[in-house]
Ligand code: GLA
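Just the one chain here, laid out as structure tokens, in the form predicted alone.
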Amino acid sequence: MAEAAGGSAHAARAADTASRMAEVFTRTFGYDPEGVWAAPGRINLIGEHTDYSDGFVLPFALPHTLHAAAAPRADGAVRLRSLQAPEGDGFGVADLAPGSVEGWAAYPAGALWVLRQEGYRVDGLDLLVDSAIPSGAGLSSSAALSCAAVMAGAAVHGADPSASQVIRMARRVENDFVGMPCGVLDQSASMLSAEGHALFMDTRTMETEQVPFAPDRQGMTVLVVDTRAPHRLVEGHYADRHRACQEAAKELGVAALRDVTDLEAALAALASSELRRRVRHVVTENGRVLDTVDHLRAGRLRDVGPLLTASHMSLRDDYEVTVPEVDTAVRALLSAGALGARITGGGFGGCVIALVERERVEACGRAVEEAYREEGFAAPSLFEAAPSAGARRLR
């Protein structure tokens, strides 16, 4: 009965959100939308910077969600509005080209451009966005926006692409239109996640498995620290890491670093110390993902904690994507009794996650806040993340 009641409550909240979005769309554009879509942000439990090396990842969807209401236009015009941005954007759909739109609007603009590139008969669009996903925190607000815009842009023009097609097109939005060389982790997590589960994904084969992950049932939670650290040249650094992995794979004679089976031999074959560090992270991180999945399948959630911490150390020392605010948060969380903690997302800022026993949540939060005050950092934001449902149409 409790699960049924919970499902009813979720459905009621979704209906209320859809109605609110429709009302705001009507006030904004002067007529009713054709539909409302939802796409969540994501946290990557473990498996960082492995997706563009054909590796393994284990994300889950956040309760923090982006909503989009949309309707088609027959005149080729595109009008974009966001409740989080003071200014909207407008342009002709036929004029879209990579680099032609900047800021948040580049993602829905890119979605329309990709749809047209893929042969979908997409004309103009009015789109209203409202996002509860913290922007710039490494929680994949851009992937959620791309997924929602692809779904909406296709649907209002009579098309119904599959989830795998949406994932591929949303990745193209970031790769080909925006110019961010990301993998498929973020888009897949937004589209495919299920409540109470983490999404185990092989990014080479695109095979997925819903792995039970409900920390609350074992007296634990995932505590998220938005470090509020400004991202420091993240796109350039991300591209550098991507290129390093490709270069190392070429030198080792493998299609991708996922294919490295003898780490010691691979490290000995590389002359560059930088490439050795990058390879060591990717190979060991893939192992940590597989170990984490084994623990979750067996219900051994506590055993996941040390793997999270080991992942952080690897990202700090071998992949070099952390910043002082992030490392300070991890140290404080571990000192206050967290079972494990790590940076999540692309790095150079963003969020830290920790697996924490319920009775230690307040102490861990205080420890981070005190450490930030001592270091003179801006106050962080903390919240708990329950594995949530993936993207869907609400009406």
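Predicted model only: the values in this text are computed from it and were never measured. Residues carry their position along the shown sequence, with the first being 1.
Although not depicted, the form predicted together with alpha-D-galactopyranose is the subject of the following passage.
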property: Partner-facing stretch of 177 to 185, 193 to 201, 129 to 137, 156 to 164, counted where any non-hydrogen atom is within 4.5 angstroms of alpha-D-galactopyranose in the model of the complex; result: 177 to 185
property: One residue of Tyr238, Trp113, Phe213, Trp104 in contact with alpha-D-galactopyranose, assessed in the model of the complex (non-hydrogen atom, 4.5 angstroms); result: Tyr238
property: Position in contact with alpha-D-galactopyranose when the complex is considered in the model of the complex, options Gly47, Pro33, Pro40, Gly350, heavy atoms within 4.5 Å; result: Gly47
property: Pro59, heavy atom within 4.5 angstroms of alpha-D-galactopyranose in the model of the complex; result: no
property: Close approach of Gly346 to alpha-D-galactopyranose in the model of the complex, 4.5 Å, heavy atom; result: yes
property: Heavy atom of Asp51 within 4.5 Å of alpha-D-galactopyranose in the model of the complex; result: yes
